[in-house]
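As a starting point, one isolated chain is supplied in structure tokens, in the form predicted on its own.
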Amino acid sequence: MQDGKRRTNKERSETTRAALLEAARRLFIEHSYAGTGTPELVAAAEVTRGALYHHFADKQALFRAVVEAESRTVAEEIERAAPEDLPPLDALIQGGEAFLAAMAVPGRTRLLLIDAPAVLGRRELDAIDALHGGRTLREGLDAAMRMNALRALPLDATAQLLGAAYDRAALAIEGGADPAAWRVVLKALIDGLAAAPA
């Protein structure tokens, strides 16, 4: 009870959903999607199996919700690091740095870059990314091209290739590679896309 008032059904439902998402995130990171069963999920969330299926059609739907929440968090961190008043190339570089920092959260790289494509498929993951991290990169590239800070190139292809480079960097860094080396190359990639001075 809050301040002597009973919680509404909506509040109880939101609390249950949040508990499921929190428990699922932790278990999917600790044990992977394949290594996590629904009995462990409901036990960790301290809810019934019926509550799980009330909120999510199945384990994969719960996993998708976790991936979406993590992707949203990454995008928010990128947007905080690269405000609109930054010069376009600086915004791209700062956004890229923020992406790498966000992906350094333990377990996030495996969750988003290894398990998510395997469980959800590339098309579904691309749709999620288009709403979040991929969206921030595409918007940054578009702004830079419109301001003639970057060469005019096919936007979607540029965003996908640069995004893949950042994903590969996150995987390498999580695997123990030197982050400074990857940052130098990523900055060189962006610098190489810069428009020639007039």
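Each residue number is its position in the shown sequence, starting from 1. Computed from a predicted model, the values in this text were never measured in an experiment.
A second form of this protein, the form predicted in complex with a further copy of the same chain, is not displayed here; the remarks below concern that form.
Only one segment in the set 22-30, 52-60, 156-164, 38-46 has residues whose heavy atoms sit within 4.5 Å of a further copy of the same chain in the predicted complex; it is 156-164.
Proximity to a further copy of the same chain in the predicted complex, defined as a heavy atom within 4.5 Å, singles out one entry of 130, 171, 69, 147, which is 171. Remark: none of the three candidate residues (87, 92 and 138) comes within 4.5 Å of a further copy of the same chain in the predicted complex, counting heavy atoms only.
At least one heavy atom of residue 115 is located within 4.5 Å of a further copy of the same chain in the predicted complex. Remark: residue 18 does not count among the residues lining a further copy of the same chain in the predicted complex, judged by a heavy atom distance of 4.5 Å or less. Though the partner is left out of this view, residue 122 does reach within 4.5 Å of a further copy of the same chain in the predicted complex, counting heavy atoms only.
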